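Only one chain is included here, represented as structure tokens and corresponding to the form predicted on its own.
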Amino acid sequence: MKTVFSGIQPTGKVHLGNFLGAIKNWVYLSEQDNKNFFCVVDLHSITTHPDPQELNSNIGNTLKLLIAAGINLENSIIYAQSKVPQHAYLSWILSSFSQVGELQRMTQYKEKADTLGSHAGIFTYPVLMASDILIHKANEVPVGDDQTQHLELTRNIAERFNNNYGEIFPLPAKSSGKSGARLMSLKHPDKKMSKSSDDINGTIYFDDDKDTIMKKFKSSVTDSSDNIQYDLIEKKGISNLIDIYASINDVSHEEVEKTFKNSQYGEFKMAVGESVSEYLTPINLKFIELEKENISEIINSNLQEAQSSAESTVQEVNNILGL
């Protein structure tokens, strides 16, 4: 049985991009013969210096949404990273097997340094990410292309540790399962769909009602033609809508193009909006139900399993290092 790890940051309200980029795939993975660890990586979130009350609320809401989305908890563990201190502990150990030069070459470090400042947190967070993966000895990690560089770093760190102390960590691979869609803003199709309130009309949030969803899609940015064709260079807006429709309905881009060959943009936008509403509505209704229930027993049970797995790895590492 493979061990799979993946994480989601609780910065801002969960949106459609989070579902189609990650959570929908997690539901799929939870239906396979895997051991899954799905983590709310709240320690990573503090690199942006979020409001404490908002962060705390987002952590709880994200955990509830993972349940509401339908993740099978028979073979999957969901938990908050900060509740398992072994993540940070192993990160410190792994920092001694990381090279300054490779951290400096991280593309996301360069991008985030421009907006957040070059503080040590965003410089070393790829090491914490490696710890997140290795703490449970994950074999596979479902990541998008923008995270492939971090996965390669994780493999390098694990290999250096293993070269010194034996085959302790597996070298994690990119998941061979379904890959999630990388959704762009409906208003700014050259930018990722964002949790930021600055792009509220370009982002579909999990609790948007149908009228709001339809209004956002109706006003989504496309181009001057009426040809529904996937072209990331010339037709970014319509390509984004095709991505959304294809991901929700589990069809290819070519099938979407064929289905809507004789449709105009307005018709297609409404079809995509209907699909999104049908997808998100039951999740939101389940989330509302969970808000009324006491799910602390589920959360605590999952947390204990995560702590046990992490502590087993830390104990093995400590023994090997002589700590």
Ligand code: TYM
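The structure presented is a predicted model; accordingly, all values stated were derived computationally and were not measured. For every residue, the number given is its place in the sequence shown, counted from 1.
Keep in mind that the form predicted together with tryptophanyl-5'AMP is not shown, yet the notes after this line are about it.
J.: Check 15, 125 and 147: does every one of them have a heavy atom within 4.5 Å of tryptophanyl-5'AMP in the predicted complex?
T.: Checking in the predicted complex: 15, 125 and 147 are all within 4.5 Å of tryptophanyl-5'AMP.
J.: Just one stretch in 272 to 280, 288 to 296, 40 to 48, 259 to 267 has heavy atoms within 4.5 Å of tryptophanyl-5'AMP in the predicted complex, so which one is it?
T.: Careful reading of the contacts points to 40 to 48.
J.: Is there a non-hydrogen atom of residue 132 within 4.5 angstroms of a non-hydrogen atom of tryptophanyl-5'AMP in the predicted complex?
T.: Answer yes; at least one heavy atom of residue 132 falls within 4.5 Å of tryptophanyl-5'AMP in the predicted complex.
J.: Is there a heavy atom of residue 9 no more than 4.5 Å from a heavy atom of tryptophanyl-5'AMP in the predicted complex?
T.: Heavy-atom contact with tryptophanyl-5'AMP at 4.5 Å: present for residue 9.
J.: Find out whether any non-hydrogen atom of residue 181 is located within 4.5 angstroms of tryptophanyl-5'AMP in the predicted complex, and reply yes or no.
T.: Close contact exists here: in the predicted complex, residue 181 approaches tryptophanyl-5'AMP to within 4.5 Å, heavy atoms only.
J.: Taking tryptophanyl-5'AMP as it sits in the predicted complex, is residue 303 near enough to touch it, meaning that at least one heavy atom pair lies within 4.5 angstroms?
T.: No, residue 303 sits far enough from tryptophanyl-5'AMP in the predicted complex that none of its heavy atoms falls within 4.5 Å.
J.: So which of 143, 77, 71, 157 reaches within 4.5 angstroms of tryptophanyl-5'AMP in the predicted complex, heavy atom to heavy atom?
T.: Among 143, 77, 71, 157, a heavy atom within 4.5 Å of tryptophanyl-5'AMP in the predicted complex occurs only for 143.
J.: Which of 236, 83, 137, 192 has a heavy atom within 4.5 Å of tryptophanyl-5'AMP in the predicted complex?
T.: Looking at the other structure, the residue within range turns out to be 192.
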